[in-house]
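Take a look at this single chain, the form predicted on its own, given in structure tokens.
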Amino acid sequence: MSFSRQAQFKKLADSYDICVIGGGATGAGVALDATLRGYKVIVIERGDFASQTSSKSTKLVHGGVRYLEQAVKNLDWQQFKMVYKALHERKIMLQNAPHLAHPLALLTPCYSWFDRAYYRIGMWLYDKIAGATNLKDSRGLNKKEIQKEVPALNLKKIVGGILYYDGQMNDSRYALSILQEAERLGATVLNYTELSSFTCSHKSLKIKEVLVKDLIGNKEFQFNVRAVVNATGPFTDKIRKLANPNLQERMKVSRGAHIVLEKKFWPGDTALLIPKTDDGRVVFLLPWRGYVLVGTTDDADKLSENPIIFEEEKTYLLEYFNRFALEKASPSDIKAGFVGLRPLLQVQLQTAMQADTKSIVRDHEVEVDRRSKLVSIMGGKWTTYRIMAEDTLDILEAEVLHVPKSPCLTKNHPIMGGEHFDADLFLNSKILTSETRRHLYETYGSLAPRVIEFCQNIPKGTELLLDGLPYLQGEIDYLKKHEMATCWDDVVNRRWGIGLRDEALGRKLEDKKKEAFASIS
């Protein structure tokens, strides 16, 4: 088994049943579902896998407490259905990749007895909607219990709180692992490969051929297709217009900005949900892989690649952190900051352009262009990626391939690394250091022993890349040969993710081994 670019190019065929454009959460989900249904699939991604929105989320696997509140206040059945679907998908995500997703306790502080009753009822309803898939029942806490559960919280004016449970995930690796599983089952998967153009049938105008360019090898190649799925998130409209210039734009994007602080500012394992801010947003304070993640904003934005965080966003998030934390942080304490562009589906095309992004439903829609038969999956969020893929394939089979619906098999299908594995035995073993064992399990899951074996066969492969960090020198070669990493950005920001948590540490690692990717092709 080799998940390398060279191996994928050797697999290239003249024709495929389905071409998936986009290697983020949605595209990965479509690829796995389609492959499990027996289709011959190719995935193309113009950057690295999950390099845009899918690696820059708030790292939560959740139903959406805010959406439930809006559903109840506005008697909005669509919002309610979205929460229901997400809550039931939450447990599936945790089950299928236990090394990449886990339950997370979150506290909602209350500053009046009314708020305490209001949020208690809300969280009780949240639990009931989850039903048998609920992770753990929510409960009310008094001030003394809060102090024990969240010692970093400023208790001034607090009368109590509600503790509830959602999930937390390693988003970029989750997407990669879905793609690895699809590839293991037969899919061809390529990063740094850009869509150049479509060729359509002269008679029907349906897409029949896809022309793509390998951005690293600087070569073009083409293949025939029966169907094309556009799963490019915020960039959906670009692909839609390439297939049919007459289509009206459907997407709106909002900025989700985050800052990262050292763990010392928020010790413990319990997160904080701030349900009320001065401008109506929701802000989270989350323990995250040895750091503290603070986010997120929700402002309308223009489409761009790799948006940078603004100083005013850092100031806004830092101010809210300091309102609630006992130990105050300063701008110099910010270890990293990142922004993800969220794809929001415009339901009412004429009025949505003026709409506040916080009020737009982040559910999804599958569109089939009547002329080109391009299938576009639009909107949605990380937690519902699997349902989005299932809906996409169901509609594709009915309206493009014109075949009977085949069963979706992804619900109980572990993704790469999520297979049954005695994690406790591995973590309690005497192999390497406990920190490295923890890193290997939380990164590779059941493949961790295989990674160690690979490193053992390389000179100095099991030596640490940098003292004080758990990363092994041999992992660099492993990531190149088995995870399609082509540059340091792929490793630092996505395969390991340290660059999004600590920019200075990411640069230090890069300086240590910057020649490692000189020969990638």
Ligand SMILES: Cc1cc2nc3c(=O)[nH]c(=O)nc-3n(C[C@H](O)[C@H](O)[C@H](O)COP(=O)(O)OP(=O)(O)OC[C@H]3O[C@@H](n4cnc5c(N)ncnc54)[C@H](O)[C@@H]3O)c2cc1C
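Because the structure is a prediction, the values reported are computed rather than measured. Start at 1 with the first residue shown and count on from there.
Absent from the display: the form predicted in complex with the named molecule. The rest refers to it.
4.5 Å heavy atom contact with the named molecule in the predicted bound form for all of P234, H258 and P343:
Yes, all three are in contact.
Heavy atom within 4.5 Å of the named molecule in the predicted bound form: which of T486, Q473, T58, Q70 fits that? Just give me the one.
For this set of options, the contacting one is T58.
The named molecule: the contacting residue among T188, T383, N170, N96 in the predicted bound form [heavy atom, 4.5 Å]:
Selected option: T383.
Where does the named molecule sit in the predicted bound form: which of 224-232, 311-319, 125-133, 427-435, heavy atoms within 4.5 Å?
Flagged stretch: 224-232.
According to a 4.5 angstroms non-hydrogen atom cut-off, is I452 in contact with the named molecule in the predicted bound form?
Contact with the named molecule, no.
Could you confirm whether T53 comes within 4.5 Å of the named molecule in the predicted bound form, counting heavy atoms only?
Close contact exists here: in the predicted bound form, T53 approaches the named molecule to within 4.5 Å, heavy atoms only.
Give a yes or no for I44: in the predicted bound form, does one of its heavy atoms lie within 4.5 Å of a heavy atom belonging to the named molecule?
Residue-level check for I44: yes, a contact with the named molecule.
Partner proximity in the predicted bound form: C19 to the named molecule, non-hydrogen atom cutoff 4.5 Å
Answer no; every heavy atom of C19 is more than 4.5 Å from the named molecule in the predicted bound form.
For a quick check, can you give me the residues of 182-196 that have a heavy atom within 4.5 Å of the named molecule in the predicted bound form?
The stretch 182-196, when checked against the named molecule in the predicted bound form, contributes T193, E194, L195 at the 4.5 Å heavy-atom cut-off.
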